[in-house]
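Given next, in structure tokens, is a single chain: the form predicted alone.
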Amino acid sequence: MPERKRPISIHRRLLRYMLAPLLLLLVAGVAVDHSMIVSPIHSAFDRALSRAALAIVARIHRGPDGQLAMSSPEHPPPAPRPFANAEPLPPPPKSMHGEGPSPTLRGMGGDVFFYRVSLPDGRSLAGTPELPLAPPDDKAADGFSFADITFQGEVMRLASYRTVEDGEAVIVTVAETPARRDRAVHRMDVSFGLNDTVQMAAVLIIALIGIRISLRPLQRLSRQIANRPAQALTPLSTDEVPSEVRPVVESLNTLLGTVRNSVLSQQHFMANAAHQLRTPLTGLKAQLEVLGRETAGSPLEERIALLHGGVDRLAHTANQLLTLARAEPSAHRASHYTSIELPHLIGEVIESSLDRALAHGIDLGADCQHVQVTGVYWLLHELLINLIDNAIRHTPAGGHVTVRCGANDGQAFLEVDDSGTGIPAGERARVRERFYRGAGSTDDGCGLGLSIVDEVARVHGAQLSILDGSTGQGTRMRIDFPASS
């Protein structure tokens, strides 16, 4: 057996189609944000690095011996320098001659900081002499040039400042590891990533809420179709149907109209056929009755009696077929349903069936409680006639047939209880089939009685149950109506 496919969900399809583009937009947005923040962050740290170089320049002066020297915090330069905003550095050596290179300096946040003061000819005056110089930048008007290098196994950012101090050209070079830069970029990436993710999730949630609200007309249409009774073939309302679904509803209305016309045509055909059969059958029965009286006592009397019985069965079958056709759910409108007093209905049907029950020697009675149901009167009349007719057919002389009605837990019921031969449990499902006749059926039945009963019960939303008789023998046919009845 092929595996049944899961129904397509519009919610899941829209979510699938929206989620992939939104994820791509999220990745693209994070990448764009990263590219936009990297350059300003590096520029800010380069400016800080350049201010460190300017702070070193501010400490350079010419000593009494005529050589350039760098002052310490304890011995400030003899004249103030124009670098009041320069960042302070740890104290460098007191002299730039004869004291060797300065030790490695520790910057903020775990960064390693190096510096070097040199002359254009390459001689180092202070700092780390192995520190390379950044190539000159002809486009820079402020004398600074920057480069990325690897020094002592560390990736570093390098800045060289070319200036003139007391008439002598000096190059101040500073370098630091990029730990703070990387942390700043990482923090910004996380911040922008979380912000973009929250915004994208909010957009997705709002979109899903909007989709759910937009699909409410479809849900209302679904409930409208599900709550329609089976016999309703009227067109569906298109007043609140979205324009995208309107063609589907209009096609469904066209189909309903086609089915309604087909059902009406079938009903008209059955009514006309039954009417056309009744007239000649009635005339044929009348002629057979006359012929029977004329041939009384002759050898033809028995054959005419058999022929008369066959015509009776034919007329009965035609009436049953017409009733079955008229019992179709689509043949009844809501206006056909009225409030029906079951005791009153039972009284009418028993009165019309009493003569037949007496002719068969059967005690026909009723046990009724006051109860009402909503239904089509003539259909319930036919249902009860068929139940009593079947009970009389299958109950021997001297037996009884009792019709009951009442209510259990707010549900109305109608049942016909007989003391006849009963229906075996294995045949109780098949006796509802059309033209099925059990082993105990009489010759004058056509096998449509319980089919009509079952069809009428379905029209009223009721349930037909075939049970054992209340006295332990026979059959009890019970109709349980829905609570709304």
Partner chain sequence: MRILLVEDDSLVSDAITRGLVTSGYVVDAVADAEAVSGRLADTHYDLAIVDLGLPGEDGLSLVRRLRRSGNPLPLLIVTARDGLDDRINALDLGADDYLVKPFALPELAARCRALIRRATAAAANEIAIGGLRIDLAGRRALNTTGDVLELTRREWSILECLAHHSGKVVSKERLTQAITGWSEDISGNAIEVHVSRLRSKLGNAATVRGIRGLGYRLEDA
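Numbering follows the first chain given and starts at 1. In this text the structure is predicted, and so the values were computed from the model without any measurement.
Another form, the form predicted together with its partner chain, is not on view; read the next lines as being about it.
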Legend entry - Proximity to its partner chain in the model of the complex, single hit among 263, 200, 236, 350 (heavy atom within 4.5 Å): 350
Legend entry - The unique member of 138, 130, 355, 240 whose heavy atoms fall within 4.5 Å of its partner chain in the model of the complex: 355
Inset, instruction - Please determine, with the chain shown alone, which of 358-366, 215-223, 295-303, 177-185 has non-hydrogen atoms within 4.5 Å of its partner chain in the model of the complex. - result: 358-366
Inset, instruction - Answer yes if any heavy atom of residue 206 is within 4.5 Å of a heavy atom of its partner chain in the model of the complex; otherwise answer no. - result: no
Inset, instruction - Find out whether any non-hydrogen atom of residue 289 is located within 4.5 angstroms of its partner chain in the model of the complex, and reply yes or no. - result: yes
Legend entry - Residue contact check: residue 152 to its partner chain in the model of the complex, 4.5 Å heavy atom: no
Legend entry - Residue contact check: residue 378 to its partner chain in the model of the complex, 4.5 Å heavy atom: yes
Legend entry - Any residue of 392-415 that, in the model of the complex, places a heavy atom within 4.5 Å of its partner chain: 400, 401, 402
